[in-house]
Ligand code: G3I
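As structure tokens, one chain now follows by itself in the form predicted alone.
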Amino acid sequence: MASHRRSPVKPLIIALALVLALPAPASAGPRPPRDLRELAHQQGIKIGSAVNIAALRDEADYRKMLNHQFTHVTAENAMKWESVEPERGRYTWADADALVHNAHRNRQRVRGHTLVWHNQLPAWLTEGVADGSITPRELKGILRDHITTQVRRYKGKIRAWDVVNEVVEEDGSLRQSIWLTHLGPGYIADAFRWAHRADPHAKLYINDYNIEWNAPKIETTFSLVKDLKAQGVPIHGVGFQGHLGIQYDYPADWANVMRRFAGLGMEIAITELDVRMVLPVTPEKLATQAGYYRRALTDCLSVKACKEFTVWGFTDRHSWVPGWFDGEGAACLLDENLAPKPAYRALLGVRAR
């Protein structure tokens, strides 16, 4: 006698039809990023850190964290003039080369920092200018050769250069430096032109602090950039350093200031962000700090031209803050033991783009 068991095909077809008829579940959106590198890819922005070259060489945990978390790096001191040419005509490229090599090996882009600054100049240069053994005409040639030599060495390996750094005073006047005093304000345009000739594909920036909020400094920098553009000078970006402190109000108009500069055709970057506090550390201070970091990234992401978000060191182990601001510190995303602080987790929660 033949078996009269029911075929499973018909119930399966019915069940499938019922499933297909159900409404599709609402999209949950992209999953939260696991780390800063993934956040950078999700948000379409470069997330970077300044690099302590000694720690990069000597501390395996520091090196691992840097290479795992960040898509962009800045030479903290390794590319400054006193580091690369401590004696006239004698170049020491080992530290800068090590940073660039490590970055390229770990799929990171590089910001060169900095070509023209009033600080961290070699003694042979400042003393020669002071005693008159270096004349203004010779000084101009020295500056041109320095920029050309350094930019040409890293041609094609540096995404962006801080060409001139901190050239505006707090009161909105041009900074009284050896460059302004002996070469006049034209040194700024010259620096951009020389850098562009040495590497036509690098993005060239003016970089400064307190242009997040200081009105006189903002207006002078804006006029300077506008004038440079009108002269056809190859300037491509404005860097906002972003050295903040929780004892001061967050610069609430920062995003609009970025948009003003973006309106001149400028690329925008946050280049040196840290958020210090008066010690000791408390949970409440860490929560406030986290809010400042979150707002800074949110502001950057709200401006289409903002392409880079870089912190000035990622761990309190190597922060510059305690050595510069008495009684202050704990300014970075990770503590001395590389443990993430609330600020780190706050960045992972930003959803702006």
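Residue numbers run from 1 along the displayed sequence. What you see is a predicted model; the values in this text were computed from it and never measured.
The next section is about a form of this same protein that is not shown, the form predicted together with the ligand.
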{"query": "Non-hydrogen atom contact H243 with the ligand in the model of the complex at 4.5 angstroms", "finding": "yes"}
{"query": "Contact test in the model of the complex: N165 vs the ligand, heavy atoms, 4.5 Å", "finding": "yes"}
{"query": "Touches the ligand in the model of the complex: W312 (any heavy atom, 4.5 Å)", "finding": "yes"}
{"query": "4.5 angstroms heavy atom contact with the ligand in the model of the complex for R153", "finding": "no"}
{"query": "Contact residue in the model of the complex, from Q120, T181, T135, T148 (heavy atom within 4.5 Å of the ligand)", "finding": "Q120"}
{"query": "In the model of the complex, the one of K203, K80, R259, R144 near the ligand [non-hydrogen atom within 4.5 angstroms]", "finding": "K80"}
{"query": "Site test, E76, H113 and W324 vs the ligand in the model of the complex, non-hydrogen atom cutoff 4.5 Å", "finding": "yes"}
{"query": "Which of 59-67, 312-320, 40-48, 280-288 sits within 4.5 Å of the ligand in the model of the complex, heavy atom basis", "finding": "312-320"}
{"query": "Stretch 265-284: residues contacting the ligand in the model of the complex, 4.5 Å heavy atom cut-off", "finding": "E272"}
